[in-house]
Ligand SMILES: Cc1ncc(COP(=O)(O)O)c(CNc2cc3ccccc3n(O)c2=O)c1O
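Coming up is one lone chain in structure tokens, specifically the form predicted alone.
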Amino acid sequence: MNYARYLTRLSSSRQHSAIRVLTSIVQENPSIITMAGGMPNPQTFPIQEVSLKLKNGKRIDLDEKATRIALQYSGTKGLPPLVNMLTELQCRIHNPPTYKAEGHPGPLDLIVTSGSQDGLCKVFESMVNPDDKVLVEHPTYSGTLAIVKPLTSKAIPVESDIDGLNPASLRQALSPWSPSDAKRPGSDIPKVLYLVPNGGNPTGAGLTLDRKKEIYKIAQDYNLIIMEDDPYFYLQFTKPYVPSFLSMDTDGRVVRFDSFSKLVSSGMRLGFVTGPKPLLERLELHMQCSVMHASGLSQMALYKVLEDWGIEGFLKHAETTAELYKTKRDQCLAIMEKHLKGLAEWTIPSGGMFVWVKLHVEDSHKLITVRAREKGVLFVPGSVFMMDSSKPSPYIRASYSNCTEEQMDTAFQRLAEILQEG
């Protein structure tokens, strides 16, 4: 693969920060004497040790050495023990074909980011020029639209349904071009496909394995990079997990985004990006001149928790979390059946935190942003997940993740009253 064709002019022109490189050298060789970087003297740090108490009553201590490392500048890719642990996790769960593949042009790499959203934003910025066409699952996560719309006005929607992104819609979106156009310099053929494969935001849909295989084959035919935004992978409601695009990526054309926001803590702001080293190197360079690295204290705290759990413990925690959300989903669906039958229709989420509801109205925007708010209940109008948010949409997104059963009952009762009022 010629990874240079996917990079923006800005990204291609980025150079390594000499000081950031030196910071990584010190991190990897702590015995080296350095008078290079502007590292603060740790004697000035007011925090000496950190102690974490888990909900099972166990206490995890960051001793003085670990705390000193956490509070100091570190390498851009992440704290080495955490990077190693996450790489082990990816290999255990996804078994990426490009990991340690000798002579492969896109060997696997991994970078810890300030939440997967930050990684997503920076990768888009490294790969999308103003005149580029981008394939985007539709409807899609509003945060992604906030990234993509200012980058290019040529985003192409690819429709999804109850089984996730529809391969037929993808082929239709690519129909103006032939696979040979991907080899022609100067062609305006799209180079990037973005999707949320599990627990779709906003739809709650999950891609089937057959569809994933078909989509990957289309990506091979048209030489697309797949941006696999998968924060809900571990929140699938059926087992075994549907294999990821990363697990079938023999070519090195998948950039995968994982998040700890839905499993450990959203406030920690930690995610990680896995993908071909030539593309992740550009992400690293972008981070070097922006955030420099994800929070050291958050990284160290997460590492210590994962070290205590081990991979099996993490998977058990993920399973328990998924069971909680499945219970809440079922409560939500039962309450919707109670209050919204005949007033709306919806699909059953296969994972994640959201249910996608089609109200029997022409447009939900004013109904949700004004009338529902006046009744003390909030949903998200469907228009914010659409490429053209000015068009009427009858949909709303409801989240069942953080409401009690009683709160959901009240919310949908109030929504039903509004719909019945007309």
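Keep in mind it's a predicted model, so treat the numbers as computed, not measured. Numbering starts at 1 and runs along the sequence shown.
Below, we refer to the form predicted together with the named molecule, which is not included among the displayed structures.
- Heavy atoms of Gln117 reach within 4.5 Å of the named molecule in the predicted complex, making it an interface residue.
- Mapping the unseen interface onto this chain, Tyr141 counts among the residues with a heavy atom inside 4.5 Å of the named molecule in the predicted complex.
- In the predicted complex, Pro231 approaches the named molecule with a heavy atom inside 4.5 Å.
- The named molecule in the predicted complex is approached by Val196, whose closest heavy atom lies within 4.5 angstroms of it.
- Stretch-level contact check against the named molecule in the predicted complex with heavy atoms at 4.5 Å: of 79 to 87, 258 to 266, 215 to 223, 177 to 185, the positive one is 258 to 266.
- Put simply, of Ser244, Ser350, Thr274, Asn201 only one has a heavy atom within 4.5 Å of the named molecule in the predicted complex, and it is Asn201.
- In the predicted complex, not one residue of 301 to 338 has a heavy atom within 4.5 Å of the named molecule.
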